[in-house]
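Take a look at this one chain, the form predicted on its own, written out in structure tokens.
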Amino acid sequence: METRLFIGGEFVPARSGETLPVRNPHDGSELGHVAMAAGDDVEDAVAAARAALPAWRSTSASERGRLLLALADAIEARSDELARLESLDTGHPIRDTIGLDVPRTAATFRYFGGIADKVEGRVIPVDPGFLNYVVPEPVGIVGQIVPWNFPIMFTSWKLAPALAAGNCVLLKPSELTPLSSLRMAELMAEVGFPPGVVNVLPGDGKDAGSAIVDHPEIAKIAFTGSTAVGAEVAARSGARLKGVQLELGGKGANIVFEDADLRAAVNGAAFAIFHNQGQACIAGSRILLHESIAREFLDSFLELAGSIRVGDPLSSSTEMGPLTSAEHRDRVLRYTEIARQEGGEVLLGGSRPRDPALSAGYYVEPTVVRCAPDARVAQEEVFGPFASVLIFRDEAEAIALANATPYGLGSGLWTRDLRRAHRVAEQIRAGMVWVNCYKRVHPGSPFGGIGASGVGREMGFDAMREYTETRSVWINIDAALPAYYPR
């Protein structure tokens, strides 16, 4: 497959000639060398987007939607190939990439293909004799920066609404996991997207990312990644008066009340933290247990977590694969020592698997730690298969614990009491709350957080608004204007 930059409808080498090896996280083997974009390549991509923008923004919304629908069809036709590619590149188990990641990617392009021509303007009732109408306009050229944890899915979350709204895009996938985004570029060319509408630039944040954020012709930055980097993106974009949409970190609380269906809560909590090896901003990384059911829950949860099948992501029996890079594996493992130093109790895991077949890969065992609410492992985003367990006495304490971090992305709760469900969901400080489930997403439902978890929303009509500006047009129909300067 192509590993060069995609600029102006063609695959081209980086101007510097620099490449970076992409590695299989299962065994550290080399999958290939991918071109690394830098400032000159960003200039070329902006020029291509600038040339394409007038025609693309004038293309009918229905035609833009047709191309997005065609892309969804192409993804579905190649689902096995794309799932295998994503598993090789990221370490996601194949059962997840083929059952969740690729179908969600196709569904996102299909959703925005369907609503491309459904975004309406409106007429404002104003003074007699005047017509005032408001129409949405594309922002222009958009820079989009995609993380390494769900690259194929986040590529669709970023591209689909921006393209449906009539923008041209520079997309920077992570240099760690660029393969599915580059394959997406091939498919977009195949189904007929005009050259320059989408440009894909693998590269690191220091070079390619900085050049995109700082470029004066890029009107908006959409970034998914860490809170620290997001804050820098926001500051630099603000200095240039360009818009931002930021989907950042999380430290999701997953509250289990005394009346919960414990079997469902145990399974749901395991999915919330161990799916994709915990490498998810919405992971339910803090499990809050009512004191009356804590022991019973933990007995079942530890048994389930200890039975999770860790192994080769290409095996259909694997339930948890490796982390995406060796550096990140080591970072996650350091939190085990941090937990112990702060007086936490490691209930399960905390190290690399003992299986010699996994020794070359970036694996971490499912890990469960009981700790204090102010411990670093209960406050900082570990971003791995690492659950922190906290105990509460009543509903008020559960809500206080859930809100006791600077993050506000996603949280969940488990209860049979419908009134409690609504009451607690209203008081949790988060952009998304799941009741008796976790990590549910849909292309039509807004996704995003508050506080240290970001600004703006992905998905749904909210995402279309992220990629449009409002133009207000006033027309004097038959009003007699006063003479401000009578002569």
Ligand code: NAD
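Being a predicted model, the structure only gives us computed values, none of them experimental. We number the residues from 1 along the sequence you see.
One more form of this protein should be noted, the form predicted in complex with the ligand, which is absent from this view; the next part is about it.
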{"query": "Site test, Trp148, Phe223 and Leu248 vs the ligand in the predicted bound form, non-hydrogen atom cutoff 4.5 Å", "finding": "yes"}
{"query": "Which of 199-207, 84-92, 122-130, 100-108 sits within 4.5 Å of the ligand in the predicted bound form, heavy atom basis", "finding": "199-207"}
{"query": "Candidate from Val332, Leu409, Ala116, Leu390 lying within 4.5 Å of the ligand in the predicted bound form - any heavy atom", "finding": "Leu409"}
{"query": "Partner-contacting position among Val169, Val364, Ala185, Cys281 - heavy atom within 4.5 Å of the ligand in the predicted bound form", "finding": "Cys281"}
{"query": "The ligand contact in the predicted bound form: Ser174, any heavy atom under 4.5 Å", "finding": "yes"}
{"query": "Touches the ligand in the predicted bound form: Asp96 (any heavy atom, 4.5 Å)", "finding": "no"}
{"query": "is_contact(Trp56, the ligand) in the predicted bound form, heavy atom dist at most 4.5 Å", "finding": "no"}
{"query": "Distance check, Ala74 to the ligand in the predicted bound form, heavy atom within 4.5 Å", "finding": "no"}
